[in-house]
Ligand code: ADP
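First, one chain by itself: the form predicted on its own, in structure tokens.
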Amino acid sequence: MSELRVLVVSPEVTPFAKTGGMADVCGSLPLYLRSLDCDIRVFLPGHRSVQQIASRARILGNVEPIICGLPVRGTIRNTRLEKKVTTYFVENDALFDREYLYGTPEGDYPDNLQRFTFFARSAFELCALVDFWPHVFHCHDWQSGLIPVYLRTMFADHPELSHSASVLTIHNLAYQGLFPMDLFPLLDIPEQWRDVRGLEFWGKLNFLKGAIQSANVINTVSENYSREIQTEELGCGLDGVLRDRRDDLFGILNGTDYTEWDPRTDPYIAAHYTSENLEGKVSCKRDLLETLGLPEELMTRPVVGMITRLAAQKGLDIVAECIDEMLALEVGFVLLGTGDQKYHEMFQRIGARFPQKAAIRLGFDNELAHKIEAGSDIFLMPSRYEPCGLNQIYSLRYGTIPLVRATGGLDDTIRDYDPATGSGNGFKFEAYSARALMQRMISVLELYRNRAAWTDLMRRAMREEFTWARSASKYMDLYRLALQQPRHRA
């Protein structure tokens, strides 16, 4: 086989649609795989944001997958990712023309099963429409979880797809695609997939479980997370299924697109700077404070930044528990994010109580995200679990020192600072508690007051490299391994 044909099937891809790190992965990884003898293409739903960005995308034709006996029509459009990688999206305004991708802050959309069943079926219709028959379908999270199932059922004997393999990347095991069992007929798969060896999960349908059961190989976005999800604590009820597939389960650490996240060239920040010349970072801090309406006096005090999805996973409860104590240490606090309504309200109250120390911005603002990375002194990621995390990697490059909980990809990428040797690139704490967070925060602030030591740490952090080139090579190996695996598991 000379050139490997791969179709990346993802519900979100930067810059077209994004809620988290999966979009960054699917917007960057294909660019690197393209240079590795790989004919790689990308497929995503025609969300409202996709249509707005790619409004002039060329119409290739229509697809009409038959779902539960009825044709459902979609329009396939073609654009390019970074003017390099062919990207397709399927439009169906009734299913995808919405403000949010998966649900509102009040909860998931009730028709998500129908939406992502149509998306999965449209991927196969796309292959026929454009005459592109992948050797490997690279599927991301539960939203594309039916692709491996359909390869084992509906398309098992298809003349062009019978030898195709599937790779499932799990970005976050907690999101599984759970639906009422009485919707099973909409999937158009054999009855035996209704049981525990298929999609059944405590009386419900579980798209991610079906994908884990049927994909040729599975990977997570850090090595540590691939081990953690096989434990009862972080397995989210699927640890047993994952242990059964442990020989086919791998971890590949996400890379970073330094063309977008680099203080030497970042177009969104007030001044550029390097590890050799940090003067620009002072200007970035002043600009951040002015942008958020925080007082000038914080220029001489540490500013703690967070850019996060507002969800239980992210450690927001322990931040809220210790925020009074943290701000009593004369630090500034800035947060950008969107997510669950209860966290919106929780942090809005914090901003209202501490208007001279805390700035809370709810929503997604790419320019402000860059300003926070460049203008903060410390970047806080106290996650209960974190499959990989990208912001701690971005923060290193910006000389914004990460303070993270030692879990998943945070533990893989951050080396704890050792005052005896001066080694390390950030700070970690172990226990998931406000007390553990504050104990480590106090030691961080002690080092911050030692400007020479802090500057050395900043410069060391900025020299770290987490490029996509190494990770892309590992994904190529994973694709080849998937093609060697048995098509049908016992």
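From a predicted model like this one, the values you see are computed outputs, not experimental measurements. Start at 1 with the first residue shown and count on from there.
Omitted from view is the form predicted together with the ligand, to which the following refers.
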key: Stretch in contact, per heavy atom within 4.5 angstroms of the ligand in the predicted bound form, of 356-364, 235-243, 323-331, 275-283   = 356-364
query = Would Ile170, Ile229 and Gly409 all count as contacting the ligand in the predicted bound form, using a 4.5 Å heavy atom cut-off?
reply = no
Close approach of Tyr398 to the ligand in the predicted bound form, 4.5 Å, heavy atom = no
Contact flag, Pro11 vs the ligand in the predicted bound form, heavy atom cut 4.5 Å = no
key: the ligand contact at Asn92 in the predicted bound form, heavy atom, 4.5 Å   = no
query = Taking 4.5 angstroms as the cut-off for heavy atoms, does Arg480 touch the ligand in the predicted bound form?
reply = no
query = the ligand isn't shown here, but in the predicted bound form which of Leu205, Leu390, Ala165, Leu298 has a heavy atom within 4.5 Å of it?
reply = Leu390
query = in the predicted bound form, which of the listed residues (Leu178, Ala369, Val130, Leu183) lies with a heavy atom within 4.5 Å of the ligand?
reply = Ala369
Heavy atom within 4.5 Å of the ligand in the predicted bound form - qualifying residues of 278-314 = Ile307, Thr308, Arg309, Gln313, Lys314
